[in-house]
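What follows is a single chain, given as structure tokens, in the form predicted alone.
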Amino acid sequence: MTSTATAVVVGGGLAGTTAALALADAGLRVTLVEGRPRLGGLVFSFRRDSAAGELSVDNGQHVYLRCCTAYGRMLDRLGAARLVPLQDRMDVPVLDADRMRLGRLRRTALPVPLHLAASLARYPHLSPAERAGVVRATLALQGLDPADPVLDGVDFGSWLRRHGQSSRAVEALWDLVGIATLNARAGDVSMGLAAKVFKTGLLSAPGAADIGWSRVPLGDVHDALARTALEKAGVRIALRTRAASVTRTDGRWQVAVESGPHGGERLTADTVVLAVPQRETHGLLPAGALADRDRLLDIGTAPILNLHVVYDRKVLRRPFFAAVGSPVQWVFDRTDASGLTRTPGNERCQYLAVSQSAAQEEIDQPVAKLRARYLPELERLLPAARGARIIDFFVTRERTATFAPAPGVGRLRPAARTQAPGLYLAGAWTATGWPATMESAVRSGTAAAREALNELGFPQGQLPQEAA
């Protein structure tokens, strides 16, 4: 195959952007089709006219860890690493709302697992017996293989109970980490995915769990900078353009698109990457491309709810914190990223984003009910918020934010390669071995590009071979 080979990537989220860049960098002529008017998929920003002025709002609080090496390389590729920096050393403030006591989960430079020993020994939200139990469970966790298919059918909550974890230990440690990374509580999580999260994030290297998050609106990175990188690589970007069908004729692929400026066009390509959610993929897959393709419909989804509060004064002096003993999970200061204080008169204001994962019970509740529940909770957690004026309160809802990491999901997740030559799948929900994270999305895009280039006979030296 010569460098005139062509590819169509359907979907402009992190998976599609990664695949398109990798294919273009290898010399293919690539068209990226995206139904939305922007890139970034579920990682995006929007503008809001507020009583506090115009705000740049992220749809949710997205973070990554130092162990997310594929996502880190993507940031480098986009020239965005300085905009999405990592902590020098993992440090998570954890506030117990009932006892009003602050604890910290932080690491030292000691080897694994000693890097967390001092922090755990002083963690005030667990009793000495519970801390000892956590150590025993951690040692048992170290011996597991996350890729073992047997673990996929076991739920994490049952495993924790069998290993002596109290309900308090689950709330104040295992779910504190697990809900945020897996978007489900321990009893609803595949043990294989839980083992992946905890072994990779906390037990693979001392700095693996150092946390990074964007200091600018997410759209600046995953739309604006991604678009610049794609255009420089020669990728043709077709926004507001939705793929209607994918068919194979005379040894080449035809992607029919509808709506937008390219409506009615048929794109011909040697390679197609479907980088869209599982249900949309199911609708586009041609017959015979995937054995038992209906299993994609069995991959459930899980919601994330985000509450946005603008105060007339500074009420939080840390960049973020997590809470236990409260419906509040994680709270981030988004004041600078939102541009709030650049509006005259708002110099003293603060904008907090409250991220609520596994939000099935609240995702559809009216704003007034959420306001009545969470504003008093924030006042309970943050004494400085008592008496502060609320300039703005609003909600963003991602009803299908991630795939549900339920026991058995591993057998449902397809690999990048399909049974149809030249057709590949990408998305955080595919078989990356990771939960539904930005890391999983990027890895899936790389995997799809690698399979495509291998089939086309292109060199792949520039594509990293990710560790599982």
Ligand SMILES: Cc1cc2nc3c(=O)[nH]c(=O)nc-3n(C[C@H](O)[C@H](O)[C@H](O)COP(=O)(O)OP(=O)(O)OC[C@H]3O[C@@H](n4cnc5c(N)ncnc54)[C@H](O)[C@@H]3O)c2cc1C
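As the structure is a computational prediction, the values presented were derived from the model and not from experiment. Throughout, we count residues from 1 along the sequence that is shown.
Heads up, the form predicted in complex with the ligand isn't pictured, but that's what we're talking about next.
Looking at the ligand in the model of the complex, residues 33, 60 and 436 each place a heavy atom within 4.5 Å of it. Not displayed here, the ligand is approached by residue 43 to within 4.5 Å at the level of heavy atoms in the model of the complex. Among residues of the shown chain, residue 425 is not one whose heavy atoms approach the ligand to within 4.5 Å in the model of the complex. Using a 4.5 angstroms threshold between heavy atoms, residue 406 stays clear of the ligand in the model of the complex.
Put simply, residue 273 is far from the ligand in the model of the complex: not one heavy atom of it is within 4.5 Å.
The contact with the ligand in the model of the complex, taken as any heavy atom within 4.5 Å, belongs to 284 out of 224, 144, 92, 284. Listed residues 200, 306, 214, 350 were compared with the ligand in the model of the complex; 306 is the one with a heavy atom within 4.5 Å. Residues with any non-hydrogen atom within 4.5 angstroms of the ligand in the model of the complex fall in just one of 234-242, 286-294, 106-114, 75-83: 234-242.
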